[in-house]
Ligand SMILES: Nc1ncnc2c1ncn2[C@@H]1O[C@H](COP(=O)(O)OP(=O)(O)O)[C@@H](O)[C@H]1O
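Read the single chain below, which is given as C-alpha cells and is the form predicted alone.
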C-alpha cells in the first residue's frame, strides 16, 4: 500500500472532526501509522477532542512557522496518544487563533504534507468548512488521494454546498472523484431526497446518541458501545477504510443519482410557498 493523503470536508456541524478521529482510531487499530491533522485555527479541535492530553500538545501553527521543516519536526509536534501507538494528532492549541502565528505560504503546506506522507501510512486532514479561507485546507484538497465530502439532511447544508459548488468545480479539486457521504443522519430524515440533491450518496453515517455523549464527556477515545446506530456507524467507517486501504475490507457498491441542487431547491421552495397559501 502506498501512503495516502485523505481529506474530510463538508458543511459545518456535519461530523467531520469527530469522524476524522474515529476513522484514525480504526485505521490505527489495523496497525496503520496514522497522522490526523486538524486544520481549524478558529476553534482548535484537539483541546475538545482529547482534553486530557491537551497540556502535552504543541501547535500546528508553530510547526508551520518554523524556518525549515524536517521529518523530525513532525514527530516532535505530533501528539501521541497513550495506548494507541500508531496514531498521532496534529492541530492548533487551546487559545490559538489566526493571528497567533505568522502567515505561511503554499510551498510550506506542500512541504508539510509531503513530509507527512513519508511519515505515516495514512494522513487524514480534517478541513475547515470555509476552505477558501484556509490555505492548509485548500492545498490538502488539491493534493488528496481521496476526498470525503460530508452532507447533512437539512436545507442549510444544501445551501452551503450550492454556494461552494462553483469553487469545488475547479479542476484542481477533482469534484467528480470526491466521495459524498450523508452524515449525522437521523431515522426520521429523508436521506433519499437529500442524497439526490448532491448528486448521489455513496454511503451513510448515522447519528449516534452514544457518540454525541462521548463528545460531551470528552471520552472519544473509548470504543462505541453496542447498538443499532453504533453498528451502522462502524459499518460506514469500514466503507471509508475500504476506499483508503482496500485490502482490509470487502468493497461496497456506490449509489449514484443526478438531481441538481438548483432543481431540488426550486421544487422545495415552491412546495413550501404552496403550503403557506
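Positions refer to the first chain, counted from 1. Fair warning: this is a prediction, and the values are worked out from it, not measured in the lab.
Below, we refer to the form predicted together with this ligand, which is not included among the displayed structures.
Using a 4.5 angstroms threshold between heavy atoms, residue 117 stays clear of this ligand in the predicted bound form. Shown alone here, residue 59 lies farther than 4.5 Å from this ligand in the predicted bound form, counting heavy atoms only. At a distance threshold of 4.5 angstroms between non-hydrogen atoms, residue 240 is out of contact with this ligand in the predicted bound form.
Using a 4.5 Å cutoff between non-hydrogen atoms, residue 215 counts as a contact of this ligand in the predicted bound form. Stretch 203-211 is the contacting one of 90-98, 187-195, 77-85, 203-211, since its residues have non-hydrogen atoms within 4.5 Å of this ligand in the predicted bound form. Contacts of stretch 11-33 with this ligand in the predicted bound form, defined by any heavy atom lying within 4.5 Å, are made by 11, 12, 13, 14, 15, 16, 17, 18, listed in sequence order.
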